[in-house]
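Shown next as structure tokens: one chain only, the form predicted on its own.
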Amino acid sequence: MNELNLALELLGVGMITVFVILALVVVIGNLIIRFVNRFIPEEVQEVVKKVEKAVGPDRKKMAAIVSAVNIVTNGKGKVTNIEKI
């Protein structure tokens, strides 16, 4: 019975350790994301101007794509390149 208690104790300690480490990874990752988004924002207007220059004749489609990305990502996403696949 002593070996069973030891095994269950090790199982519990191991599972708690893994849970704590994964929770720390999630919390630290979210903090890094918030820090970068708050203190290192990218100007959306500059990205739109760069993409409009690269597109050329089909500006309506490009504007629709940029607008869709801005709506879906709440202004946090950016369009850097569009390629037909």
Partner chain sequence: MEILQRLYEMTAFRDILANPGYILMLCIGAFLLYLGIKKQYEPLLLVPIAFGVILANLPGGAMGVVPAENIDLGNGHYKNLFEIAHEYGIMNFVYYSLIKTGFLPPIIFMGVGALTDFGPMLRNLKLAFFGAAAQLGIFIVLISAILLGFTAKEAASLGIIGGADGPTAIYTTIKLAPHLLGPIAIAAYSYMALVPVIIPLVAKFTCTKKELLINMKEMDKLYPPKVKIKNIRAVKIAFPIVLGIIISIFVPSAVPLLGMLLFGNLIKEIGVNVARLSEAATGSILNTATIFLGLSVGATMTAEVFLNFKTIMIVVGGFLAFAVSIFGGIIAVKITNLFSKKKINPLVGATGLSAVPMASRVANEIALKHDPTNHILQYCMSSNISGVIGSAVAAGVLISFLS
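Small disclaimer: the values here were computed from a predicted structure and weren't measured. Here the rigid core means the biggest group of C-alpha atoms that line up within 1.5 Å when the two forms are laid on top of each other. Numbering follows the first chain given and starts at 1.
Quick note: we don't show the form predicted in complex with the partner chain, though the next part is all about it.
Enquirer: Hey, in the model of the complex, does L8 get a heavy atom within 4.5 angstroms of the partner chain?
Expert: Yes, L8 sits close enough to the partner chain in the model of the complex that at least one of its heavy atoms falls within 4.5 Å.
Enquirer: So, E3 and the partner chain: in the model of the complex, are they within 4.5 Å at any heavy atom pair?
Expert: E3: contacts the partner chain in the model of the complex.
Enquirer: R59: heavy atom within 4.5 Å of the partner chain in the model of the complex?
Expert: Although the partner chain is absent here, R59 would stay clear of it in the model of the complex, with no heavy atoms inside 4.5 Å.
Enquirer: Check G14 for me: does it contact the partner chain in the model of the complex (non-hydrogen atoms, 4.5 angstroms)?
Expert: G14 belongs to the contact set for the partner chain.
Enquirer: Quick check: G75 between this form and the one not shown - does its CA shift reach 2 Å or more after fitting the rigid core?
Expert: Yes, G75 moves 2 Å or more.
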